[in-house]
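What follows is one chain in structure tokens, specifically the form predicted alone.
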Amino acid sequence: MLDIVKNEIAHSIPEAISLLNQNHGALVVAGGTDILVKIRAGKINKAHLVYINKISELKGISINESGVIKIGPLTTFRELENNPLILEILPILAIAAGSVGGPQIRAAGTIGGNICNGVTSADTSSSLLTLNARLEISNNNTTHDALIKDFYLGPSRVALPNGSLLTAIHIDKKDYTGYKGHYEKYSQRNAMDIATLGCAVQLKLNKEKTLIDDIRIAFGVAAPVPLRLSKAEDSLKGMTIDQALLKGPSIVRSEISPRDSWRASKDFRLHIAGEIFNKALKLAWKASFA
């Protein structure tokens, strides 16, 4: 039996925030693919849940007249990997969503849950880092935006105070226009496995399509939180693809700090980092000519 002492259903954003503020320590649940597993494993005791999957305002994918893409946090991985707008404009996010677990997990799990659980292995987080995603955080009558790079505070810790709710994910036009990207995941099994290491690359070429004009690189499971590699990005700008493939692996390895675990050793992760970076870079380069 699951150790759940109370389960409340919210039908609107204000109702959800009110319930969270009234009950310190209450947990938000949508797809339940993470929290319910933790409860079953005994990692969460006497859980008080606020179920938000009935809130229609938190669902859907849209684009406004300024080209800002809005993704509702209740959007499932299946919806992300199949949505025409995402496939056309943000294919890197569709690829990342399609790499999560198996079909059942992707049908139930949400991008909001993937972000807010704070784990470094979250597949969509690396891709969102390369897109400079803005997270809309609501609490009581106030709403503010937080850059995703500032959202991760430590292992399983995010900047979402008690009583707050992630209400939207925004990606600005300038952060996807002219870019092509790819997310590459290495895991022990091809499906239904947590990433041993993940790498997202967003690439913009110069007008002649001969040099890297801009590049964004993010890794998962390469640090305690999803990590953007700003030094590596600066080093690789202006290079040809051949130069980047030659020098890139050592450059990215110098900026990450993976750990030893039962899944893989630090040395193995460092080796794999260079390999999956090069694969992601090659596919992003190829997409730039499609």
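Just so you know, these numbers come straight off a predicted model, no measurement behind them. Residue indices: 1-based, along the sequence shown.
In what follows, reference is made to the form predicted together with a small molecule, a form of this protein that is not presented.
By the 4.5 Å heavy atom rule, the three marked residues A94, G181 and A218 all fail to count as contacting the small molecule in the predicted bound form. Only one of L205, I105, A146, I89 comes within 4.5 Å of the small molecule in the predicted bound form through a heavy atom, and that residue is I105. Residue-level contacts in the predicted bound form: of L197, I212, A122, L131, one residue has a heavy atom within 4.5 Å of the small molecule, and it is A122. Here the chain stands alone, but in the predicted bound form its contact with the small molecule, taken as any heavy atom within 4.5 Å, falls in 156-164 among 156-164, 197-205, 170-178, 80-88. I61 falls outside the set of residues with a heavy atom inside 4.5 Å of the small molecule in the predicted bound form. Shown alone here, I71 lies farther than 4.5 Å from the small molecule in the predicted bound form, counting heavy atoms only. In the predicted bound form, D34 approaches the small molecule with a heavy atom inside 4.5 Å.
Interface residue remark: I52 is counted as part of the site for the small molecule in the predicted bound form, having a heavy atom within 4.5 Å.
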